[in-house]
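Next up is one chain by itself, shown in structure tokens, the form predicted alone.
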């Protein structure tokens, strides 16, 4: 079953026919909200709003472990994360949709693994390619079927938040090889890998990163919504085609 985690700008799926919602508790606490079950074109889908359905949970306080655990417990095999990002690379301008293939983690202080505690043996996961390559391919194919342009690849810099970055920080991230910047990519991707979930992200560029483009002097938050709404409509088109191709 496919699970979708909605980020900023996607707290609900307009094309999801909801069948029921379920409040869950996990060994790691409560998820961001009730798990929403429904169908898109007769295909079962699970949906969860990462920041809560009222968008009240900041990125550094999201209970990522509970979120992924709950989706796994409800039978999800694949997870698509939808996230808003700032564009660092010159071609990643507001309105562009990308499917990243790498992550650089700058977060700190978050509960980032299920393999903690002295009663557990030391466990390492391979994270060479943090996003599932088959699921990435499916998303890109779905975008092509939907007629929605989508950039293949890019490195996602995961920052702590909730504040936005300084221009100097963005310059540092760019020097490190980052192409886009967001606040929720980690530890979500790593936790999914620990649970054996196929995980990939759809990144929506909603603004130039600090010090770039029209954000050279400041990021104009009041204009972000004008970019986000039509871009998320395109994401919903991609997701609709994706679930139509989902064969499990």
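Everything numeric here is computed off the predicted structure, so don't read it as measured data. Numbering follows the first chain given and starts at 1.
Here the subject shifts to the form predicted in complex with hypoxanthine, a form of this protein not shown in this document.
- Taking 93, 104, 167, 164 one by one, only a single residue has any non-hydrogen atom within 4.5 Å of hypoxanthine in the predicted bound form, and it is 164.
- For the candidate set 192, 70, 183, 45, a heavy atom within 4.5 Å of hypoxanthine in the predicted bound form is found for exactly one residue, namely 183.
- Proximity of residue 207 to hypoxanthine in the predicted bound form falls within the 4.5 Å heavy atom cutoff.
- In the predicted bound form, hypoxanthine lies within 4.5 Å of some heavy atom of residue 85.
- Using a 4.5 angstroms threshold between heavy atoms, residue 200 stays clear of hypoxanthine in the predicted bound form.
- Interface membership of residue 219, defined by any non-hydrogen atom within 4.5 Å of hypoxanthine in the predicted bound form, is confirmed.
- Note on the interface: of 125-133, 77-85, 96-104, 147-155, the segment with non-hydrogen atoms within 4.5 angstroms of hypoxanthine in the predicted bound form is 77-85.
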